[in-house]
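We begin with a single chain expressed as structure tokens, specifically the form predicted on its own.
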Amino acid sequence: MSAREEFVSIYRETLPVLLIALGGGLASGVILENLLASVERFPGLLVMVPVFLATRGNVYGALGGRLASGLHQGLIEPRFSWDERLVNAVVASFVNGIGISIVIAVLTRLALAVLGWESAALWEFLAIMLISGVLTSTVLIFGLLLVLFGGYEAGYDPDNLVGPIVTTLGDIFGMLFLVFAVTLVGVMP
């Protein structure tokens, strides 16, 4: 493949995915509007939002990169099956995703206390981060596997798909599950 053909191929594969990611970013902004209504009930909530979304991208971007390398090298088959490499990568990313959610809640509460700002209780931050972290991690893992395997089978380079997929799924479902978690914790006594 010549350099020009490779250039055209990369743009042909990434442009539609980037347009979908753009729509996903706009959708997550609309969902954020719903979260703003909960800020008064949970002071300090917005401090966690950018950190939460960024860590979804970091943790599951690493998983996507690992899966893309495994597909290129033939170490992972592009289908849902019991493969020790695949299972280990998925479990490690899930544990990292949940663990970092707990860290976000604790550090946010600590930072707000040090700054002397009003904040929700630690258990409320922990509950919000755990609920949204578990749900978002589950959707990201299965969504990433589904799109990467399907894209690879259709002839797409998985390296061109990982970034936009993780960002879009993480933003949309991260915001959706944050709103869900805030609503759920808000009705708890």
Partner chain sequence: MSILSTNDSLGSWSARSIVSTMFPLLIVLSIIVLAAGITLDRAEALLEQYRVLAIMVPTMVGLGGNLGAILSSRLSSRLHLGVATFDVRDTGLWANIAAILALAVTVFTVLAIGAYLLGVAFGIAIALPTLLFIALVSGISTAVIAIVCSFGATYASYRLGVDPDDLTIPIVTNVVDVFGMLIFIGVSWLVLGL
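Given the structure is predicted, the values throughout are model-derived calculations rather than measurements. Each form is matched to the other, and the largest set of C-alpha atoms that superpose within 1.5 Å is called the rigid core. Numbering follows the first chain given and starts at 1.
The form predicted in complex with its partner chain is left out here; the points below concern that form.
- Taking the partner from elsewhere, Ser119 is found to have every heavy atom lying beyond 4.5 Å of its partner chain in the predicted complex.
- The closest heavy atom approach of Thr138 to its partner chain in the predicted complex falls outside 4.5 Å.
- The closest non-hydrogen atom of Val187 lies beyond 4.5 Å of its partner chain in the predicted complex.
- The closest non-hydrogen atom of Ala111 lies within 4.5 Å of its partner chain in the predicted complex.
- Counting a residue when any of its non-hydrogen atoms is within 4.5 Å of its partner chain in the predicted complex, the hits in 77 to 94 run Glu84, Arg85, Asn88, Ala89, Val91, Ala92.
- Put the two forms on the same core and the Cα of Leu18 is off by 2 Å or more between this form and the one not shown.
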